[in-house]
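Here we start with a single chain on its own, the form predicted alone, put down as structure tokens.
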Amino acid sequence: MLPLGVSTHYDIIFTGGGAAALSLAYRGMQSGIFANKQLLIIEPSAKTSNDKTWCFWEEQAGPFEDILFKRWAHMKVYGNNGREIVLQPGSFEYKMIRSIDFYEHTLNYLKQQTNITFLQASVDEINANKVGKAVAHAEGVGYSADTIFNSIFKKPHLQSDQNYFIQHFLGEIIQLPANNHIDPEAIHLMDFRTSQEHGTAFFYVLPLHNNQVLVEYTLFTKQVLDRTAYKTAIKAFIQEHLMVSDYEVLEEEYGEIPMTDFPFQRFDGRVVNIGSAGGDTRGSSGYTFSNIQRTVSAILQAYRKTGQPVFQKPTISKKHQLYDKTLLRVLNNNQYQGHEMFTDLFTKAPAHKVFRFLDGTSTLIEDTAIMTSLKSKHFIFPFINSI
């Protein structure tokens, strides 16, 4: 542990020690790319609790396959009118990683490395310098580096034509009685059988094991709710649609994810922004974990080729950023409601094409299939205005 008050120069500093920073540090060390570099990771939290759950779809094995908590191949979507849509995911699986497993896995390895220093402190300021050094100030002390990877997200100052929604959610892991009716192998990817009075609202239902289920109430809106409103909605959903009244809440998780068309800056002198701070959160869905891994792969590939972390191709392409901007404008107009739009999407297009589209890996032909599955009249002017 580096004592406060001592300023040292490092090859690389990570400001923030969450999923993005630990993914990059871990994979950089595992690959040998960071083996001869001095690293400093600055993070105020000890990362000893399960504070997040990351879910994502994937076709191939990912870099953290060994710590997957659960995976599913069977998925459903429920419309607001109660219609059940059985998805066609192709070779995609829906995967879950618990943050505590991720933290333990990465930190146990990283803390064994003699070239990595951990500092439990809050970052006050980051100064990017295009020619000399970058400096991170933590609790009054400056630490310099050749490169700073920053993952501390701050809400940006928006222009009048930019949108900012919050994907906010409260999830409960509940213990169900043995005679419950939940299919243990099928998830409710989006279940819209709830009030849409606040905006786009739906549930995730993820069966875990031993009659335990994660039920998560999620909204895409511009304002968060009072905590009791989430709990009330969850209780009503469990009783009405899961047909269970006798259950025990084992764990609870609350989170907020930005959904915005703001053009985040990836590179700022010697500072490289990663995670949500670098634009790795998909504006149309809020999914982040898979994009983080793509950014990490691009950074490590750049180091192999040039010895520097700078890469050219954006993680989320300009084309898909345009789609995100259009979709956020449609949500903002509220003429084509979110529950109707996503239900149409999964009803009229195979899920594997939807997943590639939301992942930003779809082809133009697949994009066309996605677009034609939606009511085009609601997209024409938002699309034109987004160009």
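One rule holds for the numbers: they count along the sequence shown, beginning at 1. None of the values given here were measured: they were computed from a predicted structure.
Keep in mind that the form predicted together with a small molecule is not shown, yet the notes after this line are about it.
- Of the residues 284, 276, 293, 147, just one reaches the small molecule in the predicted complex with a heavy atom at 4.5 Å or closer; this is 276.
- A heavy atom within 4.5 Å of the small molecule in the predicted complex is found for one listed residue only; from 343, 326, 362, 53, this is 53.
- Across the options 261-269, 82-90, 284-292, 313-321, residues that bring heavy atoms within 4.5 Å of the small molecule in the predicted complex belong to 284-292.
- Contact check for residue 100: every heavy atom lies farther than 4.5 Å from the small molecule in the predicted complex.
- Of the heavy atoms in residue 37, none are within 4.5 Å of the small molecule in the predicted complex.
- Proximity of residue 20 to the small molecule in the predicted complex: non-hydrogen atoms within 4.5 Å are present.
- Contact check for residue 104: no non-hydrogen atom falls within 4.5 Å of the small molecule in the predicted complex.
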